[in-house]
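Quick setup: one chain, the form predicted alone, written in structure tokens, and binding and motion questions come after.
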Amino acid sequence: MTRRVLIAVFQQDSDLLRAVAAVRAAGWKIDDVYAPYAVHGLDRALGWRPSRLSWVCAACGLAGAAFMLWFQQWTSAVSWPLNVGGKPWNSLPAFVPIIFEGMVLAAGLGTVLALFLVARLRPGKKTLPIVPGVFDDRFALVIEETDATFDAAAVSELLRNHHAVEIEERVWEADSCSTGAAGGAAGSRSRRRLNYLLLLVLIVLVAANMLVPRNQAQPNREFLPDMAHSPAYTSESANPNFADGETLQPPVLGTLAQGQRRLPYAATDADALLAGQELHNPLPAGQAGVRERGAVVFQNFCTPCHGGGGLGDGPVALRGYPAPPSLVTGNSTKMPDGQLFHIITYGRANMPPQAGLLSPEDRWAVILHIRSLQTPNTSIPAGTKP
């Protein structure tokens, strides 16, 4: 298909804007305008409707926000309901930052993809400029010669009055500006096939990632593991920043952390047995609120590993982490309170120390709750909210 067009070239965007207004006022049809950058007010001068990309942006943003809300709800309350310090599983305030970031990401990507789709842009597409320099510092106005009554001389005079530096009448072949010469058709087809191939590979990879069964007990592969597992100083590689080579330094002589009492024990099994003989629970089991406090602390800090009933069946253990021993059977029922207090304070095996998380009073309260789990007939009165 061929059309006759009149192409005018301008050096200033202000001249282009005035020429567009004059041509439309005279009733001639503008086919297109080419500019090296977005010209403010050009869409209004051409009489175009406001862009619908803003609606696409809003829709993609809402979709991204809704997806991130659902995703966090699913991961936190359904797939991995892990209690962290008593925080609700579906804690909306904690979801807000990710919802916002997902909304911005989806809105930006959706808008760009919609623009590419409407403009028929694709990777590898080549476009020849309608006139030299139109992609750099020149502006082109294309006026379509609609019928035989089109007065090219009158239109050219009007364009010169608006400082057109070049005016050319041309026969416009369909797709002449998008495909270039006929020799580029083969290259365009090959690039199109490559794009389809890459799209097919992406679809296959996404489908395989969603359909291949997964072993939840097997840890994932780590990229850049040094970010999470930094090398530790040992006796063979002493810390050069301290004279004794130890990274963990004792507190300054004569000082003690606020609200803490020094325990004359080390993190050893022998001292754990010694603590069992020397330490006794100072909290009375019958004191109002003590057992309830122990249940709340156990729910918030112990349930992820030990489970709600102390059987060692918490959600962390169910997903491959080594299960802790039961607190209601075996050696735990024979340990004195002081030994349990030592284990909670200093940790044992896979259990990290809890002294930095729980005050001594909370540790003793947890022990009272553990005793109530071991002897159900002394459980917390009904109506208590754990």
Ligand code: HEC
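Note that residue numbering follows the sequence shown and begins at 1. Worth saying up front: this structure is predicted, and the values here are computed from it rather than measured.
What follows is about the form predicted together with heme C (HEC), which we do not show.
Annotation: in the predicted complex, residues C305, S326 and V366 each come within 4.5 Å of heme C (HEC) through at least one heavy atom. Looking at 297 to 305, 107 to 115, 271 to 279, 151 to 159, the stretch with residues near heme C (HEC) in the predicted complex, meaning non-hydrogen atoms within 4.5 angstroms, turns out to be 297 to 305. Just one of P50, G47, G320, P352 comes within 4.5 Å of heme C (HEC) in the predicted complex, counting any heavy atom, and that one is P352. Of the candidates V9, V23, L17, I370, I370 is the one whose heavy atoms come within 4.5 Å of heme C (HEC) in the predicted complex; the others do not. Mapping the unseen interface onto this chain, N331 counts among the residues with a heavy atom inside 4.5 Å of heme C (HEC) in the predicted complex.
Heme C (HEC) in the predicted complex comes within 4.5 Å of a heavy atom belonging to I344. Contact annotation: L340 falls within 4.5 Å of heme C (HEC) in the predicted complex, judged by heavy atom distances.
Under a 4.5 angstroms non-hydrogen atom cutoff, heme C (HEC) in the predicted complex lacks M68 among its neighbouring residues.
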